[in-house]
Structures are given as C-alpha cells and as structure tokens.
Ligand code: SIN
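Shown next as structure tokens: one chain only, the form predicted alone.
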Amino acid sequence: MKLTSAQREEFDREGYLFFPSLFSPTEIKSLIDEVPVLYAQSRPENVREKGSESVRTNFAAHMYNEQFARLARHPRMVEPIVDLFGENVYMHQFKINGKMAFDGDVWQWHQDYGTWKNDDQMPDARAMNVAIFLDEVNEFNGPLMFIPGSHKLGVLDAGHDTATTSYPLWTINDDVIRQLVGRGGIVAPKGPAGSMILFHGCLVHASTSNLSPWNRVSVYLSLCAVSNHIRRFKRPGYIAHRDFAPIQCLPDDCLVKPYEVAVPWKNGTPAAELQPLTVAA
C-alpha cells in the first residue's frame, strides 16, 4: 500500500493520516475474537489499570499469538511507513490498548518519540505508530486526540509521570498544551472498527477516560527505521524490542488465510526479555 502525493503532503502538514474502514469486518473479527483470551492471561505483557483488573495495554502479542503475528506483517500497516521512511522498518513496540468500558483510564498528553528518545535512546524521530480500531471509536469512548502540526516543533520538554496511571509516560505540561492547542486545535479521528491511523512520532496526542458502556480497543504497531534502532535496553524486551530485523510482509489476505508465522513466546516470555540489559547494541 503506497501513499499518494496528496497523502504525503497531508501527513507532512498535519502529522497524521486517517483511513476509515480500511480493514473489513471479517478481518477485524479475526482479531477482536482473540483479545479476551490475551487479556485473561497472567503474563507480564498485560499492564492493568490502577485499582482494576481491566487491561490498559497488552504488549508483544505478535510474539505469542498467531493472528496478531500476521497483523504485525500486514502490508496495509507496514508498507506506508516503509514508503515514508524510504527504508525497511522493524517492530519497536506492539501493543493492544484496551480502553475498556467504564474502566479505561486517561493517556496524558505526550509525544511517543519523547519516550523512545529518553528511555530507549532512539537516535531520531524516524519511527511512528500505525493503529487500527478493533472497536468503533466515537466521541464517548475516549478517542485518540491529536494536536495537528505539533510534530513540526520537534521534541518538546516533558516530565516523567510515574504517578497518574499504571503506565509511566514522558508527559507535556498544561501550559505548553494550551499554547499548542491555540496554534493547531484538537482533532479526534472517529470511525468504525477497521479504520486505521498512522501518526508521526512527535505528534502530541492524548485520550480521555472511557466512561461509556463501549470498549475502545486498538492495536498499535510502533515501526522504526532499521538504521534508527534503539541504543539502550533500559526497558524490558517485551516493551521495547531488541530484534532489529526488517519486517517481511505477508500477502494482503493474511488475516483471512492461515499463513504460517513464528510465535516464539507462545509457551512463555523468555527470561532475558523480562529484564533491562546493561549493554545495548
């Protein structure tokens, strides 16, 4: 899947692209049916909300679930990023964010590259997220909010928030957010399950809590240019991957046909992936 010149210009200007209904209901059902089993497991990859058993995010399902391993190699998700970077990409992070009905907590205002730079020593902002909705996203269930054009400002000052939620982030203070919103406004792409978003690693974004009765589960592939791989292994390997091999895409019908894929963590997360390493590549 290649981007048009108009799409490339829009991405450069706004910092994101939105593709409503890019994946079919059949493709999405093959994924959402797997989520309850993943979330029910007692694995370190499941990070739960503070004071709740609801899963906030599940990491690295592509390493132990065949269907998500296929998604991690899907050309509709991978090829646009390869096209923008002009080189192969590897999987820096894979997560299934579960902003569950009534229990889904906030994600504070932040830039993803801020965390990748501060925690992982990723050299440049040559990495970005591409996400698909596994549920319909509406104005009530905590849609992802962007400040258009904020990626143009590079890496912003941020503080390490380890208290607000169960997952620490490098977050941007309120005064800066007021200035950014005054400059670019706020948008919140909404649409049916199967819609896809890709967004720049420096685009400032957040989401509110989900007080609605509707889940808002989304899958995020954080794809990094191979030449831009991380230099520090401060975080566990299931959060920030240490395998920089280029992703080899499967055919476009890989979610509806059982192409063979490796799931090396199916029987448990390797001990080496549970701990930080003192020596980076």
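Numbers for residues come from their place in the sequence shown, where the first is 1. Since the model is a prediction, treat every value here as computed from it, not as a measurement.
Heads up, the form predicted together with succinic acid isn't pictured, but that's what we're talking about next.
- Of the listed positions (Asn210, Ser195, Asn97, Thr115), a single one reaches within 4.5 angstroms of succinic acid by any non-hydrogen atom in the predicted bound form, namely Asn97.
- Put simply, of Phe233, Tyr238, Tyr220, Tyr64 only one has a heavy atom within 4.5 Å of succinic acid in the predicted bound form, and it is Tyr220.
- In the predicted bound form, succinic acid sits within 4.5 Å of a heavy atom of His110.
- For Arg216, a non-hydrogen atom is located within 4.5 Å of succinic acid in the predicted bound form, even though that partner is not displayed.
- Taking the partner from the other structure, succinic acid in the predicted bound form has no heavy atom within 4.5 Å of any heavy atom of Leu71.
- Residue contact check for His205: one or more of its heavy atoms lie within 4.5 Å of succinic acid in the predicted bound form.
- Only one listed stretch (149-157, 97-105, 72-80, 180-188) carries heavy atoms within 4.5 Å of succinic acid in the predicted bound form, and that stretch is 97-105.
- Shown here without succinic acid, the chain has no residue in 176-202 lying with a heavy atom within 4.5 Å of that partner in the predicted bound form.
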